[in-house]
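In structure tokens, one chain follows: the form predicted alone.
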């Protein structure tokens, strides 16, 4: 039960960040390699604000999302926007984000050093926030901590919020139009520049929120993004690079498979198998690309379409 509860929290964090990757890719065709660092920034916002202001880490989740969203906007305005205007191809856009990731990784390490030097008793290269979490229930003798229902509730709220935004607001509909056909959107008078800016904000915010969720279960350090870069991209690809809701589903699939799968394997063959945990999302991603390359989102849409035809 403890393994399952841990897997749910980690899966929620991966799902949120994977959705951020998909939103950015759908809008600007940029496979954002800096996304792992975005997730780490969300991690550090929660930790830094907790050290300064105290209280519960959950108070600072919204600040992690907003701050990381603004980082996404800054990356778009300083790098991505100019490359798109000059007609850069997908590979160039992707490689530019790799350079951004290296810069952000250096800045995060400097941030960790500042925290260490200015806040007595801090440990920015090895901290655990789950030790200050509080229990809310008990299942079969296993204590359920607040991180479990809160992380699941956040994912549900994000699904509802994104669905409402994309289908019930004028700007959300304009955003969908721009994603599907940028030329037509411009002809219709849609401000595509604002759509791209919003996509990078939302993508960064979801990465920061995913990092905030992960901060309640994972050991924090500037390298946390490096540990999660494979599951994040695997979740986005398995879910479908043109389906935000599919990427949320893909993130959950990757997170649950990785955590529960490695636990089961360790019982069968020994604990040495834990070192091969990153292989699980890669295997799932390869299988997905071979048998349903459009992703889980496309499969779900086809299933619903068939149900609609039958009705």
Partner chain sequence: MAIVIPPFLIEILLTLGIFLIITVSLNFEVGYAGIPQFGRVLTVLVGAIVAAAIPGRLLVLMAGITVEFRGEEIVPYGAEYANHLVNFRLVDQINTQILGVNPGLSIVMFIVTLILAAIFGAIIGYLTSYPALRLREAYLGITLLAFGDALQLIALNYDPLVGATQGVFVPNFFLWVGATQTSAKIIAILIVAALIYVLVHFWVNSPFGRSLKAMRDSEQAAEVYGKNVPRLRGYTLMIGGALAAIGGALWVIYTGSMDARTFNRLTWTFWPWAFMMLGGTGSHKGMLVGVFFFALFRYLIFAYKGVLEPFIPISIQWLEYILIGLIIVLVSMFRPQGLLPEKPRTLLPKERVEELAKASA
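Residue numbers count along the first chain shown, from 1. Computed from a predicted model, the values in this text were never measured in an experiment.
Missing here is the form predicted in complex with its partner chain; even so, the following discussion is about that form.
For the chain shown alone, residue 134 is not a contact residue for its partner chain in the predicted bound form, no non-hydrogen atom being within 4.5 angstroms.
Within this chain, residue 196 is remote from the site of its partner chain in the predicted bound form, having no heavy atom within 4.5 Å.
Proximity of residue 98 to its partner chain in the predicted bound form: non-hydrogen atoms within 4.5 Å are present.
With a 4.5 Å cutoff on heavy atoms, residue 33 counts as touching its partner chain in the predicted bound form.
Segments offered: 230 to 238, 201 to 209, 165 to 173, 179 to 187. Contacting its partner chain in the predicted bound form at heavy atom distances within 4.5 Å is 230 to 238.
For the residues 144, 150, 115, 83, the 4.5 Å heavy atom test against its partner chain in the predicted bound form is passed only by 83. Comment: its partner chain is not present in this chain, but in the predicted bound form one of 139, 119, 156, 91 has a heavy atom within 4.5 Å of it, namely 91. Taking a 4.5 Å heavy atom cutoff to its partner chain in the predicted bound form, the contacting residues in 256 to 284 are 275, 276, 278, 279, 282.
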